[in-house]
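Form predicted on its own, single chain, as structure tokens, below.
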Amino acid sequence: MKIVVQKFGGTSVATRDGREAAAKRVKEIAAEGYKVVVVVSAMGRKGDPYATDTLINMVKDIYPETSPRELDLLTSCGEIISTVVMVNTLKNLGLNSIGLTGGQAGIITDLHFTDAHILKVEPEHVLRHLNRGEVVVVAGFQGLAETGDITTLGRGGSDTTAAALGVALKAERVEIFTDVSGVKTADPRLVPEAKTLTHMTYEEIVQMAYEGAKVVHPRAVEIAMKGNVPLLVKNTFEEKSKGTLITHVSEITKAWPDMRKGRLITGVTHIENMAKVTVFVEENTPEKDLKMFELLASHGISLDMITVTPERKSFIVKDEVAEQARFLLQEADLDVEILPSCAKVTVVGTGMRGIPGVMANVVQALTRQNIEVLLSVDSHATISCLIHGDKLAAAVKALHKQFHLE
């Protein structure tokens, strides 16, 4: 049995026109002889009646201390509503369809409410319906703990649902439908000439997602990579959208047999509203470093771009928690300096591995625009620079041009 999993995001199912366009994509793939599993997000975004954030705000405006367990019970309703509406949309198009909750589809999770992890997928129920010739529509973003409690999978949870089902069902591929043509070389709002990538590796899209790109959730990519199921990111509203194919590097090198002569940098990503924190140290000891990092961790403050020298410790946090970090560190008798309103800009590409001169190109591009590098970190597939936030657009454009991504 040839199976394709298709996931439709909130913008794809928010309106009648969007749902009808999504249903056409389902009918097209079914006409090719595939059994189809459809995963849907809640309808719309913040402010829309059934969007996840709208449901959360509705109850928290009345009862701010609502428990995570009850929040999961509430927010799972958004995807269930979307599932029922999509089933009927498909039926109106002549497709025999049935809707399932995440739990009914066999998504079994831990008990970490609002950000649960999938422990296993039991796909037998889905397979029974596929064997009956039905299109199975599954509510994304949710699962069922072994205790019987409804859980949700955190931001990007519908992507995770689709990837997990794709692996469990041994699908030919998972198609992620959204309102863009695929993964772009940069945010088109900052770089209008950004192009759609035809293909990229799992590793590249994971890095881009963690560094600010919002097309596919990194957890979903990691699941697909482990299960060796290709992902295809496409536009719901483009009938002949080719999209971006995401797969293993061995498949990519069929197009570029020698990555050293092919694509050096895949894309430029960014994260806004970050604060640089510098802690000055007179007497440095490993114990003091440990206590400082443990203190911030105990208050749920996540750190990035960590740079440690004997005289100072630098890292970045979200702007919204910068003052809390200042207070905690000063209470611990540490000398702290905060620089808010920064941005992290990152070049991503597995082709840079072992290639000299990439950092020189990054610095050259930024220097030409008089953009100061406040911090930098790198890995085998990324180089990230912290800059002043008001220079973000200029930085992304400069790096995009420097590496000929246009």
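A quick note: this is a predicted structure, and the numbers were derived from the prediction, not measured. Position 1 is the first residue in the sequence shown; the rest follow in order.
The discussion below concerns the form predicted together with adenosine-5'-diphosphate, not included here.
Residue in contact with adenosine-5'-diphosphate in the predicted complex (any heavy atom within 4.5 Å), chosen from Ala213, Val229, Ile265, Met86: Ala213.
Between 323-331, 205-213, 122-130, 94-102, the stretch whose residues reach within 4.5 angstroms of adenosine-5'-diphosphate in the predicted complex through a non-hydrogen atom is 205-213.
Although the partner is absent here, Arg219 is not a contact residue: none of its heavy atoms lies within 4.5 angstroms of adenosine-5'-diphosphate in the predicted complex. Within 4.5 Å of any heavy atom of adenosine-5'-diphosphate in the predicted complex lies no heavy atom of Thr160. When adenosine-5'-diphosphate is considered in the predicted complex, Val317 lies well away from it, no heavy atom lying within 4.5 Å.
Residue contact check for Phe141: none of its heavy atoms lie within 4.5 Å of adenosine-5'-diphosphate in the predicted complex. In the predicted complex, Phe177, Thr178, Asp179, Val180, Gly182, Val183, Lys184, Ala186, Asp187, Pro188, Arg189 are the residues of 157-196 with at least one heavy atom within 4.5 Å of adenosine-5'-diphosphate, listed from first to last.
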